[in-house]
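Read on for two forms of one protein chain; each stands alone as structure tokens, with the labels structure 1 and structure 2.
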Structure 1
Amino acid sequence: MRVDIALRGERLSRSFGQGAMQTIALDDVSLSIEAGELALLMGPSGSGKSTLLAVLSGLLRPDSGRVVSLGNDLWTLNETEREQFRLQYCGFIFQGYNLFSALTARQQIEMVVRWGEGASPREARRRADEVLSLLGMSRRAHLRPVELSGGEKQRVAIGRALVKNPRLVFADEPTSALDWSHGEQVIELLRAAAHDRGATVLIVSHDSRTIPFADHVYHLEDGRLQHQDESSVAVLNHQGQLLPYPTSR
């Protein structure tokens, strides 16, 4: 069986600042993520996880290296083309919920469809309601962020990322603000998105409880990807596959 690579990073490096103040956030990182899988990016704080996610998703230009995303060499595209690419294919879930405080759960999601695809209000509403019901939020659709719990807010944020049926979903610490039972639901939802819709999902997390949900785990340390065969213990994922889990040194 031929494996379809959805997202590939080749020798990616990125640093911040200059001279003595320079931090190397990414140091020669290469990785390939298969289409339809849920990949987990782990590592201690400051190890460069968010930076790698930003580079792979087309939000932050690497100093060197190449990102091939769905067959496109992402960083040779111009700004507008990259924006268009993200519009068409990418969904994002960021740390914190980042919801407009004045808008209802439904409006937050509708907005993406209306503004992104120019859908009619009616169509946008239908799509938003569909996603909300998928997320078990149908009865909370009319509520504003202040009236929603943290888990509910995160589900709205996920709805916003999934409503356009993106082929790539990027999530930075989607569970960090939630207790584990809600966090687990969120990961489940993302996993379902990956497996049911064939989306490729890349999640940054430093919660080891998310590991069993992943098809693949990448471990980053000091901006370098740890090779999976060294100093790792195995973890069984939900499909019964053995996943390497590198222990921190």
Structure 2
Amino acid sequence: MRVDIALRGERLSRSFGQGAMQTIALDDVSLSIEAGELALLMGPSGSGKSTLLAVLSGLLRPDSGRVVSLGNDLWTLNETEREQFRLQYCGFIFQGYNLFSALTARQQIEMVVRWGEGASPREARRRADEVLSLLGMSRRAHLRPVELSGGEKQRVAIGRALVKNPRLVFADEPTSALDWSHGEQVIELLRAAAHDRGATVLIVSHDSRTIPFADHVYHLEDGRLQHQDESSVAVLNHQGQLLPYPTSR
């Protein structure tokens, strides 16, 4: 059966600083993620997870190696071409939310559809309201970021990433500011984007409750991908039950 690899990193390395102050964030990392797969990238703080996410998504140039994304050799594109690629195909969920202070929750999401896709104001509002409803934010749609809690801001950021049905979704700790009832809802939405709509979803997370939702789990430590015997590892699912380590489905 033909496997459709949507995102592939080949021998990626990235360091910061120079000389005695140099820190190696990525050390010869290679991985492949299939279309329609939700992949989870885990590891301790400082292990290089967010750096790898930035490199794979075209936000941070690696020192060496290549990224092939939807058939494009990403780091051979010029800056304008990469920006256009991200606009057309990628959805991002950042830890810092990156919301516009002057816009309401609804407007944050509408602008992606209006200016990114050229949709009419009516269509943009319909799609924004649909996503806000899925996220339990309909009654907060008129509020600006200063009036929202951290968890609510996170849900708006997630809605903004998903509203255009991107082919690639990059999520950095998407459940970190959420209680688990909302966190589970968000992970289910991300899994539906992968399994139902064929998106490729890469999530960076410390939250072990997200593991049972993943098709594949990568573990990064000291900038290197760790290969584990999956059959010998056990994890807790979101209901606290012991499960075997998940394998690709």
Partner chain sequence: MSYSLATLWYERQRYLPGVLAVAFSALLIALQCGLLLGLFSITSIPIDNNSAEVWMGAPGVLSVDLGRPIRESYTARMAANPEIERCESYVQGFAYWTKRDGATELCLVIGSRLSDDSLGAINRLTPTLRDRLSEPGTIVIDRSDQERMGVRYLGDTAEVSGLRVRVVGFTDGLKSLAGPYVFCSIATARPLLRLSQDQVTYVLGKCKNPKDAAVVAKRLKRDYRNISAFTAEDFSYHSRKHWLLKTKAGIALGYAAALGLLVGAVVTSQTLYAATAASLREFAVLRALGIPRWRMALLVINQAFWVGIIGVSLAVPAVYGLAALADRLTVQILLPWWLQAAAAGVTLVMALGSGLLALRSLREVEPATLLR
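For the two forms, the rigid core is made up of the largest set of C-alpha atoms that agree within 1.5 Å on superposition. Quick note, the numbers are simply positions in structure 1, starting from 1. Just so we're clear, the structure is a prediction, and the values are computed from it rather than from any experiment.
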Sort out for me whether 1 or 2 is the form predicted on its own.
2
Under a superposition restricted to the rigid core, does A161 display a Cα displacement of 2 angstroms or more between the two structures?
no
Is the shift of E81 between the two structures large enough to count as movement, that is, does its C-alpha move by 2 Å or more after the core is superposed?
no
Determine the rotation of the smaller rigid body against the larger one between the two structures and give it in °.
14
By how many angstrom is the Cα of S120 displaced between the two structures when the rigid core is overlaid?
2.6
